[in-house]
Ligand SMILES: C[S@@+](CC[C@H](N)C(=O)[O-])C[C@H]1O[C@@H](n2cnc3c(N)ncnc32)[C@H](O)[C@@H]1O
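Below, in structure tokens: the form predicted on its own, a single chain.
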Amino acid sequence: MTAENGFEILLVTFPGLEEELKAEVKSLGFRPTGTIPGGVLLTGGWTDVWRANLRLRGVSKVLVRIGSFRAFHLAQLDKRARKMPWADFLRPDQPVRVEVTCKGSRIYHAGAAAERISRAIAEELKAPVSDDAVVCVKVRIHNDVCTFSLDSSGDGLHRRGHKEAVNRAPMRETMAALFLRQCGYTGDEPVLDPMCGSGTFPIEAAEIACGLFPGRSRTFAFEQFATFDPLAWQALQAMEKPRQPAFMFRGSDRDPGAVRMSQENAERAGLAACTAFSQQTVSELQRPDGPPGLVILNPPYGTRIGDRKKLTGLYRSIGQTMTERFSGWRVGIITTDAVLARATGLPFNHTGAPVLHGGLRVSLYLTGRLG
């Protein structure tokens, strides 16, 4: 398999947001070949792998498919794993770990399968095997077909590399980016989050408006692959062309600790000049100066009996503030509960597909421009 011929690349994302990621993939000039639950597929070479990690905001992992074969028992798996062209992809001086999942197959013991594949790599490539290795070979054994992929990302891509402080149950940056896209956000309007937590929505929106690459502050597993080209990688990084937006990205929260976290995270991201965070409740919120834009928030949602009753007043307050003070703005609310969304009294004209977040299914409720 060569980069010139291209290979299959799986862009992992959140089930329910595949179409948003597919739209982002197309917007950056990639040509997706299809979607599967929790992923977008494309065919490409190593430059595409590097660029996907560096520039795609909504992808959680970039997996490179390097081969597949049938195996009905461990001895057969061992024999065929040894024939894989490991040296084409992996370096003998870099530790490797193997992760296996099994489903509907005669090989059903994932641990035993991982042990056989790890030994095959260690003996054929002479690479060390380590449980904490950055380089990871992912193997999916499904209906007796073993599919081998390299995790080119390493840490999940929501770890942008400049956000240290997070609050409880934070929304991942990758999910926030796709919800912004679902709102039709393109970076040409201000964004405000009146329950900003650690600042994820304003920071993500500001990065988009400023033309900053999401992967600019971190390293990736592919940098340890045999196929890595440092000069080509530097050329991709140099394509970033930052710009200064003409408006601000704002967040507020009733918790002073959340406001402080947001400010620190924005500073580390290099966005202090175009972001502003303040301590206030939703009912105290005033429309900022400047053009109208998007209000997006992820308010608390009830998980226990009786929670909905307690939260109805909060959602009603959100809707009242938006209706009275944010004429011309659009509002996006992410919640688990259609009843709570309706309690705002806002004229939602779009409801997104349910997306798993923190063990719960949330959806985006989006208005047009308020009258």
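None of the values given here were measured: they were computed from a predicted structure. When you see a residue number, it is the position in the sequence shown, counting from 1.
Below, we turn to the form predicted in complex with this ligand, even though it does not appear here.
*Asks:* When this ligand is placed as it is in the model of the complex, which of 191-199, 120-128, 153-161, 74-82 ends up with heavy atoms within 4.5 Å of it?
*Replies:* This holds for exactly one stretch, 191-199.
*Asks:* 170, 253 and 282: each with a heavy atom within 4.5 Å of this ligand in the model of the complex?
*Replies:* The answer is yes; 170, 253 and 282 each reach this ligand.
*Asks:* Between the options 41, 314, 346, 66, which residue brings a heavy atom to within 4.5 Å of this ligand in the model of the complex?
*Replies:* Flagged contact: 314.
*Asks:* Tell me, which of 275, 182, 298, 174 has a heavy atom within 4.5 angstroms of this ligand in the model of the complex?
*Replies:* Looking at the other structure, the residue within range turns out to be 298.
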